[in-house]
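Just the one chain here, the form predicted alone, laid out as structure tokens.
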């Protein structure tokens, strides 16, 4: 990102000058710096494709591939399978999700005991959500308790989950957040990341990380200079500094 490079370069210049007062950079001067940085269109297209693939926008990725000629890092057909797993967890169909993961690559769960425990924990949560108390207790004892004996962290998570059964009204339970949809989403994201890793792909898209670096660089430069900002990352529009 050209703006990020300029921010870093400007920070280095300000460090060298050791200025005692803030330097003022006009909009004209800032835009001149921006225009001087040349970025290859291919690099930007790769960044976009990385985001679409990682986040699972298969139709958009296919269309972008046709229009830009950008080749994705993985087979786009695998995105559909990965999104099916993620959707199953998000809908509370954990058993189905586990089967789909094993169909994709059995080693994912075999080599990641923490992920498998979290999936089984989510399965237990879904049984409790459905009011299937006896089945939930049996599942916890047979499937999760043995893992808890081997791992203290797992045992603590199991105890928290079983605590949901103690309260008739889940809204009064101190661990009621386990029943929130957000917990499903957290587990789904964990599975998604594991599948991506198994495919030798980054588990997080590069674009959000670059935007975070951009915000960090602006914050650092704010201490040393007055210059046009990007306050709204969704538009990327430069705004003149406050008088």
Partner chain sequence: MNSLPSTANSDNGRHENGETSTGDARDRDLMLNFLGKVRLSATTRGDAKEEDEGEESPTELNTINSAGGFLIVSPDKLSVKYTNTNLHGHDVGVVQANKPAPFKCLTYYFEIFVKDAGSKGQVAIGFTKESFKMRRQPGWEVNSCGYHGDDGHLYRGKGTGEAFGPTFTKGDTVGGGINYASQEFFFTKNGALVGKIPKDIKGDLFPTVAVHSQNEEVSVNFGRNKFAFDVKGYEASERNKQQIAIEKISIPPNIGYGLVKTYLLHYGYEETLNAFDLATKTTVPPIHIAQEDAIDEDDSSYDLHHRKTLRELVRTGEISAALEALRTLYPQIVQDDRSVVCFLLHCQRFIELVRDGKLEKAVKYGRLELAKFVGLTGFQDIVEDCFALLVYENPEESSVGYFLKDSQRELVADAVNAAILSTNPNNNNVQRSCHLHSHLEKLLRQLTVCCLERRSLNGDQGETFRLHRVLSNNSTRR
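Residue numbers count along the first chain shown, from 1. Throughout, rigid core stands for the largest set of C-alpha atoms superposing within 1.5 Å between the two forms. The shown structure was predicted, so the numbers you read here are calculated from the model rather than taken from an experiment.
Beyond the structure shown, there is the form predicted together with its partner chain, which is absent from this document and is the topic of what follows.
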100, 163 and 194 each touching its partner chain in the model of the complex (heavy atom, 4.5 Å): no
Contact of residue 33 with its partner chain in the model of the complex (heavy atom, 4.5 Å): yes
Heavy atom of residue 69 within 4.5 Å of its partner chain in the model of the complex: yes
Partner proximity in the model of the complex: residue 189 to its partner chain, non-hydrogen atom cutoff 4.5 Å: no
Residue contact check: residue 174 to its partner chain in the model of the complex, 4.5 Å heavy atom: no
Contacts with its partner chain in the model of the complex - residues in 201-238 whose heavy atoms fall within 4.5 Å: 201, 202, 203, 204, 206, 207, 208, 209, 210, 211, 212, 213, 214, 215, 216, 217, 218, 220, 221, 224, 225, 227, 228, 229, 230, 233, 234, 235, 236, 238
Core-superposed C-alpha of residue 58 shifting 2 Å or more between this form and the one not shown: no
Large Cα move at residue 28 between this form and the one not shown, threshold 2 Å, rigid core: yes
